[in-house]
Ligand code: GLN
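In structure tokens, one chain follows: the form predicted alone.
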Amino acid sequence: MSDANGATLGARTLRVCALYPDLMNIYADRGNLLMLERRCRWRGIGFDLTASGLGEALDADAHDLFYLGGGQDRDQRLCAEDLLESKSASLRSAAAREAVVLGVCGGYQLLGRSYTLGEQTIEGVGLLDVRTAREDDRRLIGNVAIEVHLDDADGDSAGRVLAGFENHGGRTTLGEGAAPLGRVLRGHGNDGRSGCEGARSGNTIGTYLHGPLLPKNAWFADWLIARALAIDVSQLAPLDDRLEDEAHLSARHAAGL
């Protein structure tokens, strides 16, 4: 199989950078990275995983996909400070050249403009035009399913379902510069009121869906891989996804679909 430039995909390598994997990984979301690795390996696509932790510089041009998971409030504060001090410019540069940036739960909040906890406001990296405020009266917890429309390389868009689990005290509001990732079919979404879940700006995506997300939604893992490699998802070799399809159906059923 060849990409648009005539090179075989087997000669390609997906270069992934996990941001703060030791601190931002409280919902088993390391499984998202494993899912990306396996689906690349099964197709003969190389997979290079690099970690970038506190105080470490970030090379904007060395990675195709940047991943930021969820963490406890204390760890989230530490990571927010470090993002601004040592990684913000590089992450912005990577997003500007259309690298994929995926933030899940706490990572989603840090990709936004701010996260307010009581009287304290944590400044985010601002890749997504969203703001989050912590509400302590009720956490938004449960299985969730959303309908998403993701353009492929040909500009077409088809509605697909993402299913997962949410558990967050934050209420996220979208600004004019961000579009929702999807429409809530079951569950709470960004704030339990708007009917929107997640946010997207170009190839930067934030979502509250975890559990983890990608093993429950293999089609979305493939979309991310294709997007990061700048190819159409149809150029990825088909896989035997019977188990993955069962996992997806189970997640949908758990959400009430």
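On a predicted model such as this, the values are computed, not experimentally measured, just so you know. Numbers follow the displayed sequence, beginning with 1.
A second form of this protein, the form predicted in complex with ligand GLN, is not displayed here; the remarks below concern that form.
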Three residues, 26, 76 and 109; all within 4.5 Å of ligand GLN in the model of the complex via heavy atoms? yes
Look at the stretches 183 to 191, 133 to 141, 78 to 86, 94 to 102 and give the one with heavy atoms within 4.5 Å of ligand GLN in the model of the complex. 133 to 141
With a cut-off of 4.5 Å between heavy atoms, is residue 70 one of the residues that contacts ligand GLN in the model of the complex? yes
Any of the heavy atoms of residue 170 lying within 4.5 Å of ligand GLN in the model of the complex? yes
